[in-house]
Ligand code: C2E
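We begin with a single chain expressed as structure tokens, specifically the form predicted alone.
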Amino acid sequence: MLPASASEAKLATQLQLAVDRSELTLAYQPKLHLHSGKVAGVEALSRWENDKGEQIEPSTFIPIAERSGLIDALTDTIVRGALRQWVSWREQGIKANLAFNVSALSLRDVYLPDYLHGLCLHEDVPPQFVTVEVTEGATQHVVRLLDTLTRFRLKGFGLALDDFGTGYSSLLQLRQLPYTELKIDRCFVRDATASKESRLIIKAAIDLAHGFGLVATAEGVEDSATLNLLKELRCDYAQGFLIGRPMTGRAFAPWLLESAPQWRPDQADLAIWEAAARDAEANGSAWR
């Protein structure tokens, strides 16, 4: 086996080629609005299969991209692909929120919100349908990035604190940074029905989110008992294998329209989302 440094350097080189050749793909995991019982959006997840046909986990290649200076190019690839997919869905009559992760390293660039806003304008995607997710474990220094995050909000983007509960600076971040959503980590959700401690943590996180005026999303929902518990605890949204596994952009529309009719948004839902987007656009226009 190669030493860690040599192995990482080799993987970084392969990743650079994959980015240059547009070989990375995206999978989309549905997100359920618990009050209406309808799909409200998707999270875009990056996928990489190397030249040997091996699947490289994001937990492996994202840190390598950060350490090797590739993270901005990788983020650009992911965002462009996700926005183009959103436009394709719109042409099929589907309008849903689109979320994707942005590295804390990329967030150091105060002009990133302007750049992503420009991409949205180029692709004709309203920023009000886009949520930027920031992983809590990677944002222990994000207090210094208040300017960048605020610019995202003023541009109309949603802003989610991902993997809530796994870092030590959660409360400080919630108090000082302009999030719109709190995502409860799957480590608490997966045993919520069996663990009183996990239920208490989830309830506290939901109440905390609502107290700050945020929506709460539970990740890792894999059975109906957990889903029902989250409804009882007044959680707003849920993601997980019970609702839908990550799938290709091409597969999402048939899944939504054919395989998951009980979760398909109707015209009334779409009208509500579009009205909310128009309101957000009007309220934020004075800042642009």
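Residue numbers here begin at 1 and follow the sequence given. Worth saying up front: this structure is predicted, and the values here are computed from it rather than measured.
Not on display, but discussed next: the form predicted together with the named molecule.
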query: Proximity of E222 to the named molecule in the predicted bound form, heavy atoms at 4.5 Å; finding: yes
query: D72 within 4.5 Å of the named molecule in the predicted bound form, heavy atoms; finding: no
query: Proximity of A96 to the named molecule in the predicted bound form, heavy atoms at 4.5 Å; finding: no
query: Non-hydrogen atom contact E258 with the named molecule in the predicted bound form at 4.5 angstroms; finding: no
query: Candidate stretches 224-232, 33-41, 237-245, 250-258, one within 4.5 Å of the named molecule in the predicted bound form by heavy atom; finding: 237-245
query: Listed residue (V125, V215, I201, I78) with a non-hydrogen atom within 4.5 angstroms of the named molecule in the predicted bound form; finding: I78
query: Sequence-ordered residues of 86-113 touching the named molecule in the predicted bound form, heavy atom within 4.5 Å; finding: N101, V102, S103
